[in-house]
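Below you'll find only one chain, the form predicted on its own, shown as structure tokens.
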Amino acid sequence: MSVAKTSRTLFASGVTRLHPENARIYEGDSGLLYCVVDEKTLYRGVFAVRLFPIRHPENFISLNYTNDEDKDREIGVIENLEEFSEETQALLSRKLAHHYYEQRISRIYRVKLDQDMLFFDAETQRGRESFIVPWRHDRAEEYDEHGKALLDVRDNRYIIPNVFDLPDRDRQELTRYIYW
């Protein structure tokens, strides 16, 4: 299968930009995702990947499929999901939620450093949880203007939407180790 070229590409890179005029995305009866490009090429078993999952979770979404040789291939990139219908936005958001597992932290009870690992005891939307984050700069990233995204040892994301919304003691517990 080949992807028909469209007149719009991202950054002159040759990457196909998917938008409502050239791509139709829908869910089949079996729950699989389908994508039709330029009303010519049908892709089955499509999966979505965020290219910038922390900084731009609703932008730059790559749609991919697995070809007959069992290789993942990119169909194209959705630069801005909001260009699509609410139904398509909801469908892709639901599919992405299965792929990207995130917890939102509302409290931090304790952070303990041991052998370059941070052991967290925190409150999330699922309740009180413990998780381990390697104590490295690449495991705590900025999230929006005042938030943090922590990546645990299994690459699960723990999001603090705004560090300043945490109680003072919780914020001090966090910034004792995550100060960048």
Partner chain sequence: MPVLTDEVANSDKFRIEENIHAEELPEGLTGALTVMEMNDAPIVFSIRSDLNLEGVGCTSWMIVTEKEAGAVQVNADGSLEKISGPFSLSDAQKVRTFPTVGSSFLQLRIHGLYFDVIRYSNAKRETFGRALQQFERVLDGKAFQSDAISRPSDLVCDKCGLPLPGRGVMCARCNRDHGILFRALEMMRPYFGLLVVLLGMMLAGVGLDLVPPLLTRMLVDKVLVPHQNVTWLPYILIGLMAASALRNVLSVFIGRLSSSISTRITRELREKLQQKLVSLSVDYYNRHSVGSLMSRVLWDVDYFQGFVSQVSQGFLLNLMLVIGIGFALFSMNWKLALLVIVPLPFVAIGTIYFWKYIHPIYYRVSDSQSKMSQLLSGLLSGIRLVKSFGQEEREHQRFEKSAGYMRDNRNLLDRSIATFNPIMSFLFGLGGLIIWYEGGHLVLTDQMSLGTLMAFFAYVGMFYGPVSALSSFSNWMTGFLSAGQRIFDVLDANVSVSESPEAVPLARIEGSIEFRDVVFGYDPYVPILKGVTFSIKPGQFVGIVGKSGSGKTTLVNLICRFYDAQQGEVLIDGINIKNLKQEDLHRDVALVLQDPFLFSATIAENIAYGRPESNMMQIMDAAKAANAHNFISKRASAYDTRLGEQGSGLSGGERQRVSIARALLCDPRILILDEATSSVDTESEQEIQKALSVLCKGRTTIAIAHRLSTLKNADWIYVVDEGRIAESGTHDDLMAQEGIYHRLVRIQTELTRLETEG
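None of these values were measured; they are calculated from a predicted model. Positions refer to the first chain, counted from 1.
What comes next is about the form predicted in complex with its partner chain, which does not appear here.
**Student:** Among 41, 67, 59, 124, which has any heavy atom within 4.5 Å of its partner chain in the predicted complex?
**Tutor:** Only one option qualifies, and that one is 67.
**Student:** I have 26, 104 and 107 flagged as a candidate spot, so tell me whether each of them has a non-hydrogen atom within 4.5 Å of its partner chain in the predicted complex.
**Tutor:** Per the other structure, none of 26, 104 and 107 touch its partner chain.
**Student:** Any chance residue 52 has a heavy atom within 4.5 Å of its partner chain in the predicted complex?
**Tutor:** Result no; residue 52 lies far from its partner chain in the predicted complex.
**Student:** Indicate whether residue 17 is a 4.5 Å heavy atom neighbour of its partner chain in the predicted complex.
**Tutor:** Taking the distances in the predicted complex, the answer for residue 17 is no, it never comes within 4.5 Å of its partner chain.
**Student:** Could you confirm whether residue 36 comes within 4.5 Å of its partner chain in the predicted complex, counting heavy atoms only?
**Tutor:** Answer no; every heavy atom of residue 36 is more than 4.5 Å from its partner chain in the predicted complex.
**Student:** Verify the contact flag for residue 74: yes if a non-hydrogen atom of it lies within 4.5 Å of a non-hydrogen atom of its partner chain in the predicted complex, no if not.
**Tutor:** So residue 74 does not count as contacting its partner chain.
**Student:** Relative to its partner chain in the predicted complex, which residues of 40-59 have a heavy atom no more than 4.5 Å away?
**Tutor:** The stretch 40-59, when checked against its partner chain in the predicted complex, contributes 44, 45, 47 at the 4.5 Å heavy-atom cut-off.
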